[in-house]
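The chain below stands alone and is given in structure tokens; this is the form predicted on its own.
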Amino acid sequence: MVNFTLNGLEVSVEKGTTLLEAADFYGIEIPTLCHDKGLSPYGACRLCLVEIGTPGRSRLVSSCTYQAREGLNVRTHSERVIKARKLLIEMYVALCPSSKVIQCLASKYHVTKVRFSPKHEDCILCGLCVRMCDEQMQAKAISFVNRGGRRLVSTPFAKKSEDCRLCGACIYICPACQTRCQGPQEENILCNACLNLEPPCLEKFEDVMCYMDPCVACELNTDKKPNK
């Protein structure tokens, strides 16, 4: 067993357990766009970032690919982590504003503005469809081609694949395929129809005080006496 600290709590997990799996086991939700329990970890979306190390000497790592280590200090909802996640979600909204999954994340994590120009892409390169086709459907009908800004998911030589069984698993798991509630003619880049409450505890502390989902507004003004 591996013993480490998770949000101030001393925990133990089996050797080889990732930080994402450990957080999930202990009931702490970490957002992700490229992870699925039935597929191999990929670490593409970076939304599952957590902070490891002591304050002042810490760094951010992707929890889906980083395994728990003896004596490690992990913070899943620190101020630094929350800021990084919100920036990433903002970028994903600009990249693919038509995605219901991404819009729901924006509302959940209180992303209320987008400072990037919208791209209206139909793929976020999360790799879920490629891994699903390979690892679960045993087809390998699609894969990544090209590099950098020209990287995309395609069939070999961009021709109809004889290995594709038209199972639809790639569409089922794709976070960009489910269209947002307003449909394709949305007026604003952000929906925010299901906007959640931003954790008020981050205004006073470096970490959130609870991990309820959805977030609830905690009463922090303890020095205020109730009216009689």
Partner chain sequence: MKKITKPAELEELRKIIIDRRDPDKPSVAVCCGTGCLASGALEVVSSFEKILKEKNIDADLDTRITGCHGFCEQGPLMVIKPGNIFYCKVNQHDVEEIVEKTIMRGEIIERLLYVNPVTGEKIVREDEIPFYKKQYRLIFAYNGKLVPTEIDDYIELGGYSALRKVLEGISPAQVVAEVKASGLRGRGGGGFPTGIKWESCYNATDSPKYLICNADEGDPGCFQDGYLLEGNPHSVIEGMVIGAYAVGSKQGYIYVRNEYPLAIKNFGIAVEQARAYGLLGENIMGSGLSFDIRINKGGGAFVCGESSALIASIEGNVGEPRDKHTHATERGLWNKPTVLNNVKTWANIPIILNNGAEWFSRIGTETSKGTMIFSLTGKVNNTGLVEVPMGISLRDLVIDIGGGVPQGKKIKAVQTGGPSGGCIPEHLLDLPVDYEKLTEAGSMMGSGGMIVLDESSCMVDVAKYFLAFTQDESCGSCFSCREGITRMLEITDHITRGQSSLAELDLLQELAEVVKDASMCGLGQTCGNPVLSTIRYFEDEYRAHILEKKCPAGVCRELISFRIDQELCNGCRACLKKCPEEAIQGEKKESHNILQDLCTKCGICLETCKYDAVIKE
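Numbering follows the first chain given and starts at 1. Values in this document were obtained by computation on a predicted structure and should not be read as measured data.
A second form of this protein, the form predicted in complex with its partner chain, is not displayed here; the remarks below concern that form.
Only one of the listed residues (Leu202, Leu39, Ala44, Cys170) places a non-hydrogen atom within 4.5 angstroms of its partner chain in the model of the complex, and that residue is Ala44. Residue contact check for Leu190: none of its heavy atoms lie within 4.5 Å of its partner chain in the model of the complex. Among residues of the shown chain, Asn196 is not one whose heavy atoms approach its partner chain to within 4.5 Å in the model of the complex. Among residues of the shown chain, Thr65 is one whose heavy atoms approach its partner chain to within 4.5 Å in the model of the complex. Put simply, Ala176 is far from its partner chain in the model of the complex: not one heavy atom of it is within 4.5 Å. For the three marked residues, Leu6, Val74 and His110, no heavy atom of any sits within 4.5 Å of its partner chain in the model of the complex.
Interface residues of 110-143, taken as those with a heavy atom within 4.5 Å of its partner chain in the model of the complex (partner not displayed): Arg115, Phe116, Ser117, Lys119, Ile124, Leu125, in sequence order.
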